[in-house]
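Presented below, as structure tokens, is a lone chain in the form predicted alone.
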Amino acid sequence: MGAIIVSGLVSGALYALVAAGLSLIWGSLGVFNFAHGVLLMTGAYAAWWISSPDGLGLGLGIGIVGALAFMVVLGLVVYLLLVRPWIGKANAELAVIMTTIAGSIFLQNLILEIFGGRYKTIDQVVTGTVAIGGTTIQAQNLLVIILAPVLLIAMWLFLTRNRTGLAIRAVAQNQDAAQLFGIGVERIYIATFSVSAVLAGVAGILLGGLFNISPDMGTDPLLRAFVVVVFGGLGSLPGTILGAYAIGMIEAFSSYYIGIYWTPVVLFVVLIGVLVVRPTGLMGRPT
């Protein structure tokens, strides 16, 4: 039982990091970034290339810092090239879906061309095992369980205490009113995409420390994050975080008791059941 709970907490923590970025973008711009999965993958590859002897060989610490700095820039590029040209135009939501899907395919194949299809590994931030309550946990798993809530709390403090964070919330609530109060909406969009990309990069680096990294490693987390965002409520960050841990636990228990191949079916049945009762998700605002 302890191992199942640990697995659910690790999955929920990673899903929360990925889905929080998606939720931020939806709340601010009202669009889905389907390139979010490859941002996760790119963050993992950037950390590997900077830190690995097969790349620059600068060590894990510099690799993580360099990768996250790179994610800030990549988030800006994704916004400027794939999203900004369509903001305010007819059918913007559909256009952004198509351009971000196209961008993700391009970036995934670019990584494949540069680094090849062989699996890569990132050194774990912490190694060894820890025994808690009779359950032995990998130290890296424990790091994921602890670090994700810390980062999410830091993001919440940023959104509620920092001036830029408050501006992001203002734009999410009412873009026109925010502009009337002198908030630079373009600057907020850029900040939102950069923060979202950093969260995806952190998730990719943590995931890369647990498993091998590959060009398609972001596909499954993106699907799970999409389920989480809808399950928790579009644009609701607390709902997204709650939904991430709920989905992580459901996935862990159903994988153990029913089987891994039936787990996606269980997840979508639960999602449909929640949407029948609450069409806006667990904590989504009615439109």
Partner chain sequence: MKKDWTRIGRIASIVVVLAVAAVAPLVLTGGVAQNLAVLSILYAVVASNWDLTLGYAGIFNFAHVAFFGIGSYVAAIATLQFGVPVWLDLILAVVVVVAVGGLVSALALRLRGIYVALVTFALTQLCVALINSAKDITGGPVGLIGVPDLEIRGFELGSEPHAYFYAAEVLLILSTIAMRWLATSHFGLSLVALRDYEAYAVARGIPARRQRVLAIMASSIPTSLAGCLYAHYLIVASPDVFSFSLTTLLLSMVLVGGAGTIYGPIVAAIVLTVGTEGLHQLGNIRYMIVAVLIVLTLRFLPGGLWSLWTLVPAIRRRRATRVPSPLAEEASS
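Numbering follows the first chain given and starts at 1. Note that the structure is a prediction, hence the values are computed from the model and not measured.
Unshown form predicted in complex with the partner chain; subsequent notes refer to it.
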Only one of 119 to 127, 201 to 209, 79 to 87, 140 to 148 gets a heavy atom within 4.5 Å of the partner chain in the predicted complex; which is it? 79 to 87
Under a 4.5 angstroms heavy atom criterion, identify the one residue in I190, A95, M217, M155 near the partner chain in the predicted complex. A95
Since only the chain is shown here, I'm wondering whether S194 would be in contact with the partner chain in the predicted complex (any heavy atom pair within 4.5 Å). no
Check whether V229 has any heavy atom within 4.5 Å of a heavy atom of the partner chain in the predicted complex, and answer yes or no. yes
Can you work out whether L234 and the partner chain are in contact in the predicted complex, taking contact to mean some heavy atom pair no more than 4.5 Å apart? yes
Within 4.5 Å, heavy atoms only: does N109 come near the partner chain in the predicted complex? yes
Residues in 10 to 44 with any heavy atom within 4.5 Å of the partner chain in the predicted complex: W26, F32, F34
